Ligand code: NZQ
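Quick setup: one chain, the form predicted on its own, written in structure tokens, and binding and motion questions come after.
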């Protein structure tokens, strides 16, 4: 391992089918007003909302609700949440839902006590909160596996007016104080959301895996996680009620993006950045947007990172190197990825998400280009990837 790093993760996790019982114990650590954030109302229909509300009331807390968080939380919605939190002098934000709800909760927590334009400071300028700024604590009750937002400080917000979706990773102060992970809750989400979450997990791992040239312990961890996701996804797609498969997917999602795998590595997040722009224009589920541009992107990265794609083929997909050149082996690994994506029902093109050729200039323009693992992309490269993904 050639990199230098520090590692710290303050989030406390409760995992398993009895994990919700620990919520009352955690609530004792916070003040009287709990802001309960959730999405469109599915948590009410499936009964999870009622369980959580009962526990909050038993703990003697006052509940302030912020419902209606959408798949890609908008700046307009963030403004609404900040207003609710300020007016009610909230002590704890409790996110009940999937990654979008958890992301949004952290965004509200960061913005409530910032006296200025938080959109500009945190998302456009990518600044961190000042050392003396008050930040609201966040807890999560997770209902969907995918983003890893339950154990990281990431947030993604969309300026819907300008079709601009941007993420910001805050420092460790914005990591959830606790997260409750009950795999049974993930069985309430529709199949398309499960599949989108599965690919989000896989892509989080690949974004950190396909970078660097050294022999890194993180890459061995990543390979094990990818094998677990591939195996469990096949089981879950055939039987969405398989607890073992769903629990493994949920646990892999957490470890895919809780900052562990990035230790000692450079990283490549351009599939996510391009996917964000595709999602902003099509309103597609995040994992679907990532899937739609991945093959075209990794086909280019393979040329510069051939050694890692060879390793990917051997160690993740068990492809034998007999009588194959490195290029042929790497291509077989990428084909195995594509075949798996088709097998579990993921979209492979942006047109499947509603994107059209005339959207490509706009999607390209709203894609922010960051340094990546093996590639040094230009806007022309982004447009080419999108055209190939159409």
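Nothing here was measured: the structure is a model prediction, and the numbers come from that model. Positions refer to the first chain, counted from 1.
There is another form of the same protein, the form predicted together with this ligand; it is not shown, and what comes next is about it.
Every residue in the set 71, 144 and 272 has a non-hydrogen atom no more than 4.5 Å from this ligand in the predicted complex. Checked against this ligand in the predicted complex, the candidates 349, 62, 46, 331 yield a single residue with a heavy atom inside 4.5 Å, and that residue is 46. Note on contacts: among 282, 152, 211, 248, the single residue with a heavy atom within 4.5 Å of this ligand in the predicted complex is 152. Although the partner is absent here, residue 176 sits far enough away that none of its heavy atoms falls within 4.5 Å of this ligand in the predicted complex. When contacts are judged by a 4.5 Å heavy atom cut-off, residue 257 counts as touching this ligand in the predicted complex. In the predicted complex, residue 268 stays away from this ligand, with no heavy atom inside 4.5 Å. Proximity of residue 188 to this ligand in the predicted complex: non-hydrogen atoms within 4.5 Å are present.
Just one listed stretch, out of 114-122, 272-280, 310-318, 216-224, contacts this ligand in the predicted complex at the 4.5 Å heavy atom level, and that stretch is 272-280. In sequence order, 98, 99, 100, 101, 103, 106 are the residues of 89-127 having a heavy atom within 4.5 Å of this ligand in the predicted complex; the partner itself is omitted from this view.
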